[in-house]
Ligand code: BDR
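In the block that follows, a single chain appears as structure tokens, in the form predicted on its own.
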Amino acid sequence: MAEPTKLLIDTDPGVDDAVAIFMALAAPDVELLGLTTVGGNVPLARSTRNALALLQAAGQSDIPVAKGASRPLRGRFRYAPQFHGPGGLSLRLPEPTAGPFEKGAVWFLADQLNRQPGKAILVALGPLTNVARLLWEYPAALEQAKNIVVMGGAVNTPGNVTPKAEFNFYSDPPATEIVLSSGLPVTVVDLAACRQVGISREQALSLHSAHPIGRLTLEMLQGWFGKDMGRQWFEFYDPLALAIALEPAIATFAKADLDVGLEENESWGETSETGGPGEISLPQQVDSSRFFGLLEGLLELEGF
């Protein structure tokens, strides 16, 4: 039998983070080594609580959660209650009985990557503060990753927090610049890719699943629509990043060299191509039918 895909997920749950985490938990050929948390969609304490609660709800509290950065490298996180709600999740989950790992996220990531060189994929679904600190404190550890898949950026497409910037990169541009200029094999799943996979309110409310984690996912997704009757469309940002980590053939890619705006003006967090040769893999065309096929298969969704 083939060895399972080993994943580390750095996250700030977050409704779309939750769906991505549930996809990883439901995948039979995936070993989720742990979650690390960062402030972003919600403050760090809530992010960590949500990660623990999601694992508990899925019956997998044995997976470790390590707490990371509460602040970006510069300034403060701005959070996103307008999208995720004040608690981050659209589903009320019981208080977790387990606590976070005794050591922090940066140490945990370095330890896991060094234990299995070339085997673990790091999927970063929030601001890149923890990943940048990993590069600072354990510079050789991230070289052990099989791949680094990042959800973030808005390349040649409008942003979602300013006209030019995407939320994760906008939350910590200095950390983003450190990661993107590292020379390591990074895949950046930006808004242009994510906007190719979405679901309407009508579609979402018609779905059902007999899979326990599939039902949890639908409660989360349908609950998001239920929080605001004006919501008509949900884009699978973090789930697409997770899907590409599992099945890169879901998208075609181009190599790019990306810069991130570091001036504290309208260009803060803006992602732009330099035009030079690059090592960053940037999705171009996403096979939406293949993405939804993976989503359906993992979570046993019916009604598409």
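Residue numbers here begin at 1 and follow the sequence given. These numbers come from a predicted model, not from an experiment.
Not on display, but discussed next: the form predicted together with ligand BDR.
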Any of the heavy atoms of Asp172 lying within 4.5 Å of ligand BDR in the predicted bound form? no
Under a 4.5 Å heavy atom criterion, is Trp224 part of the interface with ligand BDR in the predicted bound form? no
Contact between Val123 and ligand BDR in the predicted bound form at 4.5 Å, heavy atoms? no
Taking the shortest heavy atom distance, is Thr129 within 4.5 Å of ligand BDR in the predicted bound form? no
Scan Asn41, Thr37, Asn50, Thr271 and let me know which has any heavy atom within 4.5 Å of ligand BDR in the predicted bound form. Asn41
Sole residue of Leu191, Leu113, Val197, Val149 within 4.5 Å of ligand BDR in the predicted bound form, by heavy atom: Leu191
Out of 199 to 207, 176 to 184, 162 to 170, 135 to 143, where are the residues with a heavy atom within 4.5 Å of ligand BDR in the predicted bound form? 162 to 170
Just to make sure I understand: among 231 to 256, which residues lie within 4.5 Å of ligand BDR in the predicted bound form, judging by heavy atoms? Tyr237, Asp238
